[in-house]
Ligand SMILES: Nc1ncnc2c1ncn2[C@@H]1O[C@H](COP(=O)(O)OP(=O)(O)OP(=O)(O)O)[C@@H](O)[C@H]1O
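Shown next as structure tokens: one chain only, the form predicted on its own.
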């Protein structure tokens, strides 16, 4: 059985190993133990205090009161000559009886350092919360993408297969074709779907600021930097997906730094010395011809091949006109508005240089222009009406608007039937694509003398 003196020696060893100042008194208020750190903080040596009543050596001592009240005290400020420190105090129990009390001391500089660390941690949490609040979390899945034309369905099928991998993806296509929606759907379909999806528009942020947005910076990294530093988007996207929209607008200098991150899997904050390991999937997007930019030395060839592991080219809206009625129906889904079939025919003939974004804006404009809940030709923007009329008059002698609409309607139906086929099943599919009933399709075919 361990001797009492050995137990005391073992206890003293433990107390000496603690980095806080420790003082223990017995039930009579006599000091039994102090450690070296207590001496360092208060300046009181063992020979001055051990075996003596604490109140005699330290007249202002608070610890004896803990013996009487049995209450814990925290954060008690003490000052001994030039020494300032903070003390936590608690009673010591044995079989429900108070047999002593202990005080734990921290020097003010140490408390200050801990407070500073806590403040930095709180600032970091706050910064993260603000950053996450700005993030467009991935909301769209493949089921939200509208379209049934063969070209569009083929694109979705390809994207779903790619989503399961961790390969970098380059999404190309004209402005307004829905590149970010595809990126979100890919993220949602991937194994990273429970991790962050962080988008950044490389064209919307000046090159001088984009680096700090991507990589963050340390405290005091440059003159105008925030005192607490900044968390970068790469760090926020760790284990998730970083969507680099309009990557063709990134400067060559920043392209080199991005390439290094993709190759090494590490990054360093601006002004920082420590490399941080990250695991981020990159989905990049552009409406520019990156291969042409590579040839003109405006985009790094090595970065192009790094991000172009898989390329998805989204079709323009004019390449999938058959999806226009369905997209229009989606934009009107929660609205108490309807749209005339003749107007849909006109919208299907327009070239849509702004693609789906322009179509969405057109429908919203028309909704605001109508008073009776029905969108007619007069409610469309002038650019679309003028484009339609000019397009028709280029190839034919002047016609009335009614004749133009009829001819357009006939051409659209003929093209759709050519795509879907003329069987009953094909006509049902054509009616769906045109956003009309099968009966309406037969009526129009008879009226327009379409014999199929």
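Everything numeric in this text was worked out from a predicted model, so none of it was measured. Residue numbers count along the first chain shown, from 1.
The form predicted in complex with the named molecule exists for this protein as well; it is not shown, and the discussion that follows is about that form.
Interface residue among 294, 332, 181, 200, judged by heavy atoms within 4.5 Å of the named molecule in the predicted complex: 181. A single residue from the set 152, 304, 217, 337 has any heavy atom within 4.5 angstroms of the named molecule in the predicted complex; that residue is 152. Only one of 271-279, 357-365, 377-385, 188-196 places residue heavy atoms within 4.5 angstroms of the named molecule in the predicted complex, namely 357-365. When contacts are judged by a 4.5 Å heavy atom cut-off, residue 175 counts as touching the named molecule in the predicted complex. Contact annotation: residue 144 falls within 4.5 Å of the named molecule in the predicted complex, judged by heavy atom distances. In the predicted complex, residue 287 approaches the named molecule with a heavy atom inside 4.5 Å.
Contact check for residue 213: no non-hydrogen atom falls within 4.5 Å of the named molecule in the predicted complex.
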